[in-house]
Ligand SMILES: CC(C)(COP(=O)(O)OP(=O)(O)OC[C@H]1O[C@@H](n2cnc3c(N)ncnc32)[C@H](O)[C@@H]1OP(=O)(O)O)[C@@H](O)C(=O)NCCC(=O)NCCS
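A single chain comes next, written as structure tokens; it is the form predicted alone.
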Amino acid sequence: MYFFIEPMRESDVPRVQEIERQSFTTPWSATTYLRELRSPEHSRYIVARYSHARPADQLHEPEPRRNWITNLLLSRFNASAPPSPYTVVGYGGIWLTVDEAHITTIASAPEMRGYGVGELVLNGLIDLGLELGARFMTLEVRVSNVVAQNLYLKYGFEARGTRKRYYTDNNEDALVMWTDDIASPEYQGRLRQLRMLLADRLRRQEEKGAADAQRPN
């Protein structure tokens, strides 16, 4: 199996909402997503797509100036691009406020959890923040969502506050998590190490998927 990141398109919204309904008790409306996609100056959204094998346009090695994990992100954001033949299995978005990139949403399809999709999307959002000139990343997460918190902690997010009764479905508190300067040499060094590990994990999954596909039934 092969996962890759692309800008979210308007045609992706129905699938994104399907994953969102499986992931959140208060999903965003299609209208909200379309409004966000049509305001790329301050908000950006990406999707993780799935393919049984590496697509033809992904076979080349990324240019040196591009990051291996988001080699398509530097292409122009075109929300009205034609539909992709590859299934959306995760997504995420950010808002930019001055020098802060706020992660508004991030989720992966339930059947693809445990394969690194959420971590791949998080990396894409960090790259988007850097591309937009952000120095810090921030987000809210349910106090009960320990799995998500552990992923964020891994990538340098720290809990620095609490929003009481933030989630309207059950009045649960939210932890407010922040990174240090994502453009700093220290953070970039940490990011490189984590990405090497993620790249190896995804590569091994891809190789296993290819081997499994070649086995006789």
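These numbers were taken from a predicted model, which means no experiment stands behind them. In this text, residue numbers run from 1 along the sequence as written.
Missing here is the form predicted together with this ligand; even so, the following discussion is about that form.
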*Give a yes or no for Tyr152: in the predicted complex, does one of its heavy atoms lie within 4.5 Å of a heavy atom belonging to this ligand?*
yes
*May I ask you to check whether Thr87 falls inside a 4.5 Å heavy atom distance of this ligand in the predicted complex?*
no
*Is there a non-hydrogen atom of Glu140 within 4.5 angstroms of a non-hydrogen atom of this ligand in the predicted complex?*
yes
*Examine Ala148 and determine whether its closest non-hydrogen atom to this ligand in the predicted complex is within 4.5 angstroms.*
yes
_Check for me: heavy atom within 4.5 Å of this ligand in the predicted complex, for each of Val16, Arg21 and Gly92, yes or no._
no
*Tell me, please, which stretch of 156 to 164, 178 to 186, 46 to 54, 23 to 31 lies within 4.5 angstroms of this ligand in the predicted complex when heavy atoms are compared?*
23 to 31
*Even though the chain is shown alone, can you say which residues of 94 to 116 have a heavy atom within 4.5 Å of this ligand in the predicted complex?*
Ile106, Ala107, Ser108, Met112, Arg113, Gly114, Tyr115, Gly116
